[in-house]
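Quick heads-up: the structure tokens below are two forms of one chain, split into structure 1 and structure 2.
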Structure 1
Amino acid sequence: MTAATTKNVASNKTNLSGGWPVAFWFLLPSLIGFTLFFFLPTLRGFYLSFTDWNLLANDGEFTGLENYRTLAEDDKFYDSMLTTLWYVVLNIGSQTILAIMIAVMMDRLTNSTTIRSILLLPWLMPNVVVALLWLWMLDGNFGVVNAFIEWLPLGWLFGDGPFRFFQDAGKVIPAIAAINTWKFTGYTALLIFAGLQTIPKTVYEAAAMDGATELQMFRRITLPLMRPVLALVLVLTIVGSFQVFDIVQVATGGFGGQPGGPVNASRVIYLYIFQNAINFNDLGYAAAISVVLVIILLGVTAVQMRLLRAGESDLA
């Protein structure tokens, strides 16, 4: 019976493998989609960066390295890169530390799916909704956060409120970083939690038997064994963090403010590209900035993979 089946399958080899005549029909829709909206646009993006393409005229001429020369001397570009970096440091720093804390606590305390689901809720929400929720809570006149800070006896630490987070050039980026930390911490914690679950509980039991404290177990067991998942999480979140846009656009653009304000204190790189392309119709220059951003992101990813030696776990 088994022999007959094997023989039968073998005789159908050509049918099984399919080949291009069959594969073509399965791949056709995705090939059209990939070619039109991913592959050719990527090539075209590179090409556009060497032109002075104008969105309104929908036309442009080849200008060689002109855009890149402009870029090299563009103070606004450097300024927005620094703004973005400052944002990434604040956002990833707070988000990762909090997420590790939550993941470890969940791993040691509870397996409740309800808690995990609720922590994921902010991640599901549109950025516009998230921005508005916090715009109101952080409002300088009637925001509940300011009321809370005032109620706390911490004036000596924070200074006197109320704080106008979105009108204060020094506070707008920390505020946006905090908002995105609220949005993404649960998601990040879940990824790390999944990684922690692969560490055998027996390791902790043995350590506890030897009288290790929770803190010692965290430093000696959890942290080293968590490295591969942490590498993955950091690559995902840092690359995502560089691309912050929606919340800046909505949170700084309302109530008579200009997106990226006050006085360009929150003009992150995505917003600068957006402004060049859509507000100034200068697609060529916007494309050149995008090319530089892609190179930076690829570089960041490569460096991270090396530093964190992703893929190698001490568990093996």
Structure 2
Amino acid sequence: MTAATTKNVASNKTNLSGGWPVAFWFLLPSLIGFTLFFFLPTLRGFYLSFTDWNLLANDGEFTGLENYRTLAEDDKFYDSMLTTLWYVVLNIGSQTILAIMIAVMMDRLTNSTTIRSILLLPWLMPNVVVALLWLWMLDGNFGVVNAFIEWLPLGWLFGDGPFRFFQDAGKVIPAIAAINTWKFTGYTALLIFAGLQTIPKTVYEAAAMDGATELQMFRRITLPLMRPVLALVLVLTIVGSFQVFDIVQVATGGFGGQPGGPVNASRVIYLYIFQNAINFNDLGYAAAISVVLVIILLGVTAVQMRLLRAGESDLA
């Protein structure tokens, strides 16, 4: 190595080490926002979980682990978790499969930006608007979905109508999962599509020359090379699915219904937290449920990252 090269390397190291102060100032607005709107509220929520807090009086007393003892014996909490888990299974299963299929078709067949824009339209709509839209479309009296089922006809598949999706205990969670699948599949597909762009096209060309079919290339090339991206997508979608609230609140509470109904068949965990904090004025107990939910989601995320080997890539 020549003296000039050694000098350039040393200069580059100096520039890299000197870049941290500059980077800090760029990160500072995000750090302030994270501290004010996430870290400090999280600490306060953790403290409130050890209190009997009156939201209206904005005051309470320290009760230690009493909220957690109550939580351990609360059948409604376990029912809400099971309902949420059932929703997560339906939503993630349908959303992930559809998103992968759409992303692969976009990657292999078209690069149209118009199609990508159309896919994002449902995701751009506010959740409350989506819930109101599907509340009308799934209505048992004048909803277009019932009319469509009758017109096809699909009675042999769904049974005799009209179908009151949000008033039927067996249909309400699948209906909510279908709504969220419709809303978020396009966004999830674009995340996967972005990951597909990192796979060299020469890999597919070599496989095609060897006689591999599209299905074989998908199973042996696309899925293994997409593992880190799929891990990220699954973490985001599963955590987001556990946080479903507004669509349940609006869709099941519309037209005189009871949020979480019928007979609490759609009372997901976030709705149960909301009911304890607002309806029952028991903010301390709601905070305890939130803390337990955070711990559960951290555990689920850690297991996912471990099983999917998210930090490894076959492209390296």
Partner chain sequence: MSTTSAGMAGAGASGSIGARMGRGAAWGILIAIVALSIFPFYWALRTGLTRNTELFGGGQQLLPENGTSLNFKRVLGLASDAEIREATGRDNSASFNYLLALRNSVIIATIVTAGQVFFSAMAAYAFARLEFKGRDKLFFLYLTGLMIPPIFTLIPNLILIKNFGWLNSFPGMVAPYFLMTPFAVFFLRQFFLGINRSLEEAAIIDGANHFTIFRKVILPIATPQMVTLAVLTYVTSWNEFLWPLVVAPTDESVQPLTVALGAFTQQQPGTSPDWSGLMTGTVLAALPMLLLFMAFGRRLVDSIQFSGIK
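Every residue number counts along structure 1's sequence, beginning with 1. The term rigid core refers to the maximal set of C-alpha atoms that superpose within 1.5 Å between the two forms. Since the model is a prediction, treat every value here as computed from it, not as a measurement.
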(request) Determine, for this pair of isolated chain forms, which one is the form predicted on its own. (result) 2
(message) Rigid core aligned, does the Cα position of Ile278 differ by 2 Å or more between structure 1 and structure 2?
(response) no
(message) With both forms fitted on the core, check whether the Cα of Leu40 differs by 2 Å or more between structure 1 and structure 2.
(response) yes
(message) Taking 2 Å as the cut-off, check whether the CA of Leu28 shifts that much or more between structure 1 and structure 2 after a rigid core fit.
(response) yes
